[in-house]
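Coming up is one lone chain in structure tokens, specifically the form predicted alone.
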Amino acid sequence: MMACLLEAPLRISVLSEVTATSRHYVDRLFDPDPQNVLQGVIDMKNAVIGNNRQKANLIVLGAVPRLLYLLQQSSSSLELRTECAVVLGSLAMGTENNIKSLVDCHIIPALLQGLLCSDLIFIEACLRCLRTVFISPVTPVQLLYTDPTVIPHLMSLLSRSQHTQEYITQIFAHCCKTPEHQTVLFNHGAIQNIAPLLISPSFKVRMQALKCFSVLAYENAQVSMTLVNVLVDGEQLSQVFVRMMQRDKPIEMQLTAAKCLTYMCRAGAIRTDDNCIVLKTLPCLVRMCSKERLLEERVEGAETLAYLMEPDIELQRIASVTDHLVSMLADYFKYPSSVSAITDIKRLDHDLKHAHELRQAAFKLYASLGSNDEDIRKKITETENMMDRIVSGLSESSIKVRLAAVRCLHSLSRSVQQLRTSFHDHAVWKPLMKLLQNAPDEVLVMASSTLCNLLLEFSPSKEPILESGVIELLCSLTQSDSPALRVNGIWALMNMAFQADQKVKVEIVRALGTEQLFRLLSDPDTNVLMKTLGLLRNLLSTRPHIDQVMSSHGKQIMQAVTLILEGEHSIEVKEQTLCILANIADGNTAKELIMTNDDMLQKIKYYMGHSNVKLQLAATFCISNLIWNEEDGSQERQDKLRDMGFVDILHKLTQASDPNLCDRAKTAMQQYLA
């Protein structure tokens, strides 16, 4: 009770204080004399400059709707309308809450309407305010695209002055967030209209135009292919970007130009071995990673470089030997602040708060560098404390850092040598398993992919992981809605079952459950189906195992095999299925499940005569296993299969053009002659 009593009067006293100092500014906006109103707006403008408290007070007191009303009134003088736009622009320069209030009062449609006026000074004031509102993270960018006449009108205003060029390109650069936005801007002539601005005398205009091109080209082939052919004052656009990356240009310009060329390259418009990429863009981005640069520059440089070379092994090799990049990245963990910022306390404080962004960027770049080349991976893992850094990255509070660390780990886990050495030494699997407990899907996909690699038979981590309850975890992944997670869950189980002992196999079948196993065998995703067949093949790999699995699940497995061989499936899927059948034919008791199933024998016969050699080989393998001499009952099996016409087919296959098939058929024929 007490607290409530205390609170109410406090709130009143604060408001009354606010009202006293700012009320008269708002009152003057309602004066009947237009001259007094104008003077009131000018006084208000002077009162709010640099004064956030005053801005907030005026918004609370309702100044915004009145200013917007005056701005839109045709009876207001041009001077008054312009001053209103200037004050609104100043209010927008305050806090995010101020912007929210302005947007809620529908400032955007009012200002866009104002752009239809012919007076340049008024237009510039409206644009300046629009620019400030749109670059705030709290403003929904979609508001720029609501009215389809706005973008073409903004394009037409680009030629009016350097100010309109700067504000409009800045609005475009900030509001182009999706492929749809890119298309709208592209269709309204963004490229032709903005390209000439790259050689504007104003640095601000050049810079905003450059930013526009980076957001337009990102993952957009249509824009990128168009940019390649654009000429600016007779010079190719890519060459203009190359010039902007020169060391004497401001860092922001170098970085943004490098992003433009990176995006054009990734979209397929510039070859990865083009000089402008190898000799200019890549070295420029590596320079951005040095500890002389500010934190944001190092983050952006590393992330852009990671993106540039992600698909290309040659660029990865070049980057790995440029300017000691691998050891330069180790500094991302040690020195969040650049050398130049050491004297600036505010900067140091900022950098400590944002140091996690550096770690994320470093992990991303290491992941990209090491995604293909064994020597680079070795170089990375031998960098001081690298594995410890990754392990601690896996349990950081920032989800982005965890994702980047697991990406880095995944990249390194592609190396047999690293799996046998550094991964084992650092028990990497422990934090990885912990990460899999309750992570968002994108982390799960990466973490489970890495786990697949750790479960390969040559990896020393396999044993301890098995004891940690991983099987249940993987079985639950196979039930995910995400195909990528189902694939990884079943893939890891497949790797785990490879040459495993009976205990592990029985545990996998028990944990997965036959129902789920057969659900996966009819999964719409081919990758899931292939990996499930791979798992089944690994479960049925030695005679005692084959007989044991088939004695308990034979009927269902034969049913699944029938369905797949009859269904519309790829050659790979059918080949894998016939290989499973060949494994079943190799069992002591299991082979009877085939011999007593005439329908299945007819299917094998059909595939022995198939047009695809892989399927013929796999089917012949089945027959070979069924008629093998040294085994009980081989005589009866040979007789039955001779009567069904298999000997004639084998005889025909001994003349096959494929040497493997020919040999396989001859070996099978010899069983009859022995």
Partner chain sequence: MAELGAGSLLTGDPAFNYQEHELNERLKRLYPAVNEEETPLPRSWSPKDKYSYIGLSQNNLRVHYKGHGKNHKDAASVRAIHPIPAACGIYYFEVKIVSKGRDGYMGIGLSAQGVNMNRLPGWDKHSYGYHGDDGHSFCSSGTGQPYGPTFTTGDVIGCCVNLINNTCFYTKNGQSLGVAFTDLPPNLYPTVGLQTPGEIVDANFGQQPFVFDIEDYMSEWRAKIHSMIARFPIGERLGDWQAVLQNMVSSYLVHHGYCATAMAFASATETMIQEDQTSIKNRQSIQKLVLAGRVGEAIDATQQLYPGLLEHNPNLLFMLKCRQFVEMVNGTDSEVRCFSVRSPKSQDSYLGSPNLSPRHGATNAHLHNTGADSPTCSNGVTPTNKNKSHNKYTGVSSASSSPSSSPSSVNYSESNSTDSTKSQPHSATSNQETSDSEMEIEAEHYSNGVTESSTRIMNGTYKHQEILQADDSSVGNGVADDSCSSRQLCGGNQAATERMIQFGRELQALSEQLCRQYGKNATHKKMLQSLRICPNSLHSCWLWVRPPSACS
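Numbering follows the first chain given and starts at 1. Because the structure is a prediction, the values reported are computed rather than measured.
There is another form of this protein, the form predicted in complex with the partner chain, and it is not shown here; the text below is about that form.
Partner contacts here mean any heavy atom within 4.5 Å of the partner chain in the predicted complex, and among 522-530, 88-96, 276-284, 188-196 they occur only in 276-284. Remark: Glu515 does not count among the residues lining the partner chain in the predicted complex, judged by a heavy atom distance of 4.5 Å or less.
In the predicted complex, the partner chain stays beyond 4.5 Å of every heavy atom belonging to Glu467. Taking non-hydrogen atoms only, Ser76 never approaches the partner chain to within 4.5 angstroms in the predicted complex. Using a 4.5 angstroms limit between non-hydrogen atoms, Gln239 is distant from the partner chain in the predicted complex. Contact with the partner chain in the predicted complex, defined as a heavy atom within 4.5 Å, holds for exactly one of Ala221, Val321, Ile571, Leu231, namely Val321. A single residue from the set Lys503, Arg247, Arg510, Lys177 has any heavy atom within 4.5 angstroms of the partner chain in the predicted complex; that residue is Arg247.
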